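There is one chain below, alone, in structure tokens, taken in the form predicted on its own.
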Amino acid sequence: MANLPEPFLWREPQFSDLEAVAQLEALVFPDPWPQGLFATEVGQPNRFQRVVLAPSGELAAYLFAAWQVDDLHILKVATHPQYQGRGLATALLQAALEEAENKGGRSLTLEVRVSNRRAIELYRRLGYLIAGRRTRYYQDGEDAYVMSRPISRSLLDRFLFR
């Protein structure tokens, strides 16, 4: 199981978390999702979601992902600036990978701003590759890289599905 750095705790998000999620979203993204969009995700089937809480109970990070056939699509992942560099996003992404492996997924995908070098480097270290580019994907016109991480399979599976 993915290891979350101590003394942080994680769990599935609850509706009571959404105000803090929306505040963190607005803090770290230039084009944040509104709180209502997160509300449509909580408790839905075919989702993988986690919030990370600091020892104080403050929201430190979150991840929202949705299954698209056999691909777990990372919709949102963010860490509060106060807690960046402590491995929270890495742990969240590792947990998503484990979820995908356990449910028979074939890949994980996400979009990231082409200018977000720090995030791109993190994703590369975790095995994601640039699979494409979405032109003018963001509201401000910036492009996004589509990054994908294949799920490791048995030798037989690799032979049959290459």
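In this text, all values refer to a predicted model and were calculated from it rather than measured experimentally. Don't overthink the numbering: it's just position in the shown sequence, from 1.
The next section is about a form of this same protein that is not shown, the form predicted in complex with a small molecule.
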Considering 122, 66, 97, 53, which brings a non-hydrogen atom within 4.5 Å of the small molecule in the predicted complex? 122
Interface membership of residue 112, the small molecule in the predicted complex, 4.5 Å heavy atom rule: yes
Spell out, yes or no, whether the shortest heavy atom distance between residue 116 and the small molecule in the predicted complex is within 4.5 Å. yes
So in the predicted complex, is the small molecule close enough to residue 72 to count as touching (4.5 Å, heavy atoms)? no
Does at least one non-hydrogen atom of residue 39 fall within 4.5 angstroms of the small molecule in the predicted complex? no
Based on heavy atom distances of at most 4.5 Å to the small molecule in the predicted complex, which listed stretch, 128-136, 45-53, 27-35, 101-109, is the contact stretch? 27-35
